[in-house]
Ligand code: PFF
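Next up: a single chain in structure tokens, the form predicted alone.
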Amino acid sequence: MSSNQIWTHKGTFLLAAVGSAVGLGNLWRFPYLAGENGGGAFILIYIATIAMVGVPILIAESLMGRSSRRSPIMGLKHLTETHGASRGWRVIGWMGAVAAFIILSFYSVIAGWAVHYSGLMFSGSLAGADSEQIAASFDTLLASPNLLLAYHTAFILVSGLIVGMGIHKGIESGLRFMMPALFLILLIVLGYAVVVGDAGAAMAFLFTFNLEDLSLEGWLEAMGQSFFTLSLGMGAIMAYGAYMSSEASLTRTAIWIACVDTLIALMAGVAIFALVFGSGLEAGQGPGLMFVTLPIAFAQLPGGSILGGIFFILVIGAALTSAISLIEPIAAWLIERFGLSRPLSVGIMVAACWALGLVTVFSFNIWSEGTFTQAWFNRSPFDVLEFITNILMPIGGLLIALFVGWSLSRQEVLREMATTSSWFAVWQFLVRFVAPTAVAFVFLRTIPQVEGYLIPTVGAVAIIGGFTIGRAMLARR
């Protein structure tokens, strides 16, 4: 890889990775999961899992990208060839690319909801509206394929335009502007929430650690969220790692990414629940927390229309930085594999994702009933797409941990990590044993717990995992 394909500044990878990690998962999924699962207890497990699972795998995936200096798909081909590893490991790159492709297709549609709500807020359309009116407004949005399609098209085009401009002029320049701006907007929203909302109740809810309030399902939700929030297993971190300076510390950068990502999630949580409690609403509202409950709160609070619009601009920006990272893995592969120009590669990726996004658009209206996915899987087409990614990402993370932990040479890993032997030993233990075990639990959570299927699934995972580790250990001797 030429020098012009390296980030201009060492800190850009941090911005890029944080931009990839900070998205709807922080501003939408994290608060509603915390609300459903006891607040502080959920956060305690979330932070512990990030430290023991997320950071080790984040280091491993970044290492793979920087060591190969290629897109995830071509990078795995390079690494398996240079390390004499099985060709089967190349599936990691393909799984990440497929996951990123599918996620972007429905992520763009959901981000469009934030575009819609920012317009409603700034226009004052929801000022003084009650809960029934706001819920009806959301239902009207979902029932309109034309509106959803328009927002989906606009969002994915803007994302593609930024990536199509190149590593430096597009992605790097965009992130260096958007990330500080998003943090500033979050501070404004947090300040507003503290002044007009009930910050005390929000802090008590989020930072009272009563583990007895957390069910086993809540534990698994916390573990899953801590894994997904760092964008692991979808190729984005590996793609960005390929442009990472050789002098930057993998460990320090990974820790900073995890800390900033967690800080933003907690700040968003405090702001959202301060507004919710300040309006006398309930925390455990599920996925409707952002698009139904929060608009109700903004409608009842002074200056809520303007601050509500600013909040949804924050959501749009966070979604945009994540979307950029989802385009890059496949676009980079098209450039490397077929010699296409960046604009053409990005155009192909965006067009294909836009087309697949139609499945999500129509899932909420035209295809809401009577589809074959409901007949066969008892799920909407959108739910099927989400389910596929919930399988691909944990398996991808599991394989990344096993590949770097067992199959890459010790010399290569030490050279890339450039760290002390004591920390290397801790990281190696975590990435070889702790992380794969935890990710396996996250994966099993996505499998329907139907009698007759759970035991064979557990057995299959155990056999495959044991065989993979055993073969890798023998190969290293």
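Quick note: we count residues from 1 along the sequence shown, nothing fancier. For clarity, every value in this text was computed on a predicted model and none was experimentally measured.
Keep in mind that the form predicted together with the named molecule is not shown, yet the notes after this line are about it.
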Does any heavy atom of S108 come within 4.5 Å of a heavy atom of the named molecule in the model of the complex?
-> no
4.5 Å heavy atom contact, S20 to the named molecule in the model of the complex = yes
Does at least one non-hydrogen atom of S71 fall within 4.5 angstroms of the named molecule in the model of the complex?
-> no
M234 near the named molecule in the model of the complex, any heavy atom under 4.5 Å?
-> yes
Exactly one of L326, A242, I400, I272 has a non-hydrogen atom within 4.5 Å of the named molecule in the model of the complex; which residue is it?
-> L326
Of S67, T49, N26, N37, the only residue with a heavy atom within 4.5 Å of the named molecule in the model of the complex is N26
In terms of non-hydrogen atoms within 4.5 angstroms, which of the given stretches 211 to 219, 141 to 149, 225 to 233, 165 to 173 touches the named molecule in the model of the complex?
-> 225 to 233
